[in-house]
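First structure 1, then structure 2: two forms of the same chain, each alone, as structure tokens.
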Structure 1
Amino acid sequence: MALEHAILVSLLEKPGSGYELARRFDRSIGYFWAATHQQIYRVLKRMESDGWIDAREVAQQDRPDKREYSVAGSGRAALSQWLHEPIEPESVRHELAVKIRGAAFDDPAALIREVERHRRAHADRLPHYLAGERRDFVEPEAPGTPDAGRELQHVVLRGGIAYERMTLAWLDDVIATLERLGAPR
């Protein structure tokens, strides 16, 4: 996937400025597809020159004007084409897992602090996902036609929640194993 596709999805969900888009990446999309603010602005400029997005100047009071981006017809077509292309299942590329295997050739207990640091990072992320779910999906959907955007956002968020819970359980197992292996014999 290219950053362009993540930006198109975000702008279709809600048009916005480059700054607003970068904040969305920081708060949600970035958990699944990371990009720096500089990358986002660079890609926005290219997408605009390619005709995938439109920009309009929006006057602001007590602030400089901003450019608000929205998806153009050719951007929607590019996203549609990408959505219909098959992709290969992702392979896990996990540096920590390689370190864990490598600990067999050193002192396994020496890796405990690093694994605990990773565990804290995942433990810190899980409440953000859960808070987002409570904030955005606590209200049941209104009867009638389902809101595909809302339901698909929620299923991706549930995947993130499940991933963090699974990772925490795995890291707990890793720590227990490293402690057991590092115990004096």
Structure 2
Amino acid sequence: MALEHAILVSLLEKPGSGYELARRFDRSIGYFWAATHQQIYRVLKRMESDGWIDAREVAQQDRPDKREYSVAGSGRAALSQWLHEPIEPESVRHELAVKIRGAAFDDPAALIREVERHRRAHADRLPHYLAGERRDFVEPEAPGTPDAGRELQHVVLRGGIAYERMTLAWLDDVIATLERLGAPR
């Protein structure tokens, strides 16, 4: 499992509480690694008892106190070890593709609305990515300071952008195909 490692990366990029991590997993990191707050709290507990992360109670005003986590030495070592292990090719779960093939045994036209809904979700995400890219990665790097973290976050973001564009084009293809089958001749 790699939720631990996703959390380590996120905490190395910036320490934070379980709640804050859960929100990051709803946004940036969550676009390529989904997790709910229950998963996150449970794993944080285990990571803390394994000595991978340290907790610090932070008193806040205007809101409840929080436990802020940061990565300990052994956590960094665990991440480093994981980075050097090969991983298996991703195991995909593309539910929509199953539905599309299943539509052959039902009414293909009935799927159009569902596919359009997915298309809208992706169409909403793309400008969000592009805005993030403009915000964080447009101005050229200060000379002499190649920031590895910045460069790597950018290349992952470029992957997200390419994925959304590819997906939008494919969903248009799917919709056109379903329409063709719904009204043949």
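Whichever C-alpha set is largest while still superposing within 1.5 Å between the two forms counts as the rigid core. None of these values were measured; they are calculated from a predicted model. Sequence positions of structure 1, starting at 1, serve as the residue numbers.
Here the form predicted together with the DNA appears as structure 2, and structure 1 shows the other form of the same chain. Once the rigid core is overlaid between structure 1 and structure 2, residue 170 does not reach a Cα shift of 2 Å, moving by less than that. The Cα shift for residue 10 between structure 1 and structure 2, taken after rigid core superposition, is smaller than 2 angstroms. When the rigid core is fitted, residue 67 shows a C-alpha shift of 2.4 Å between structure 1 and structure 2.
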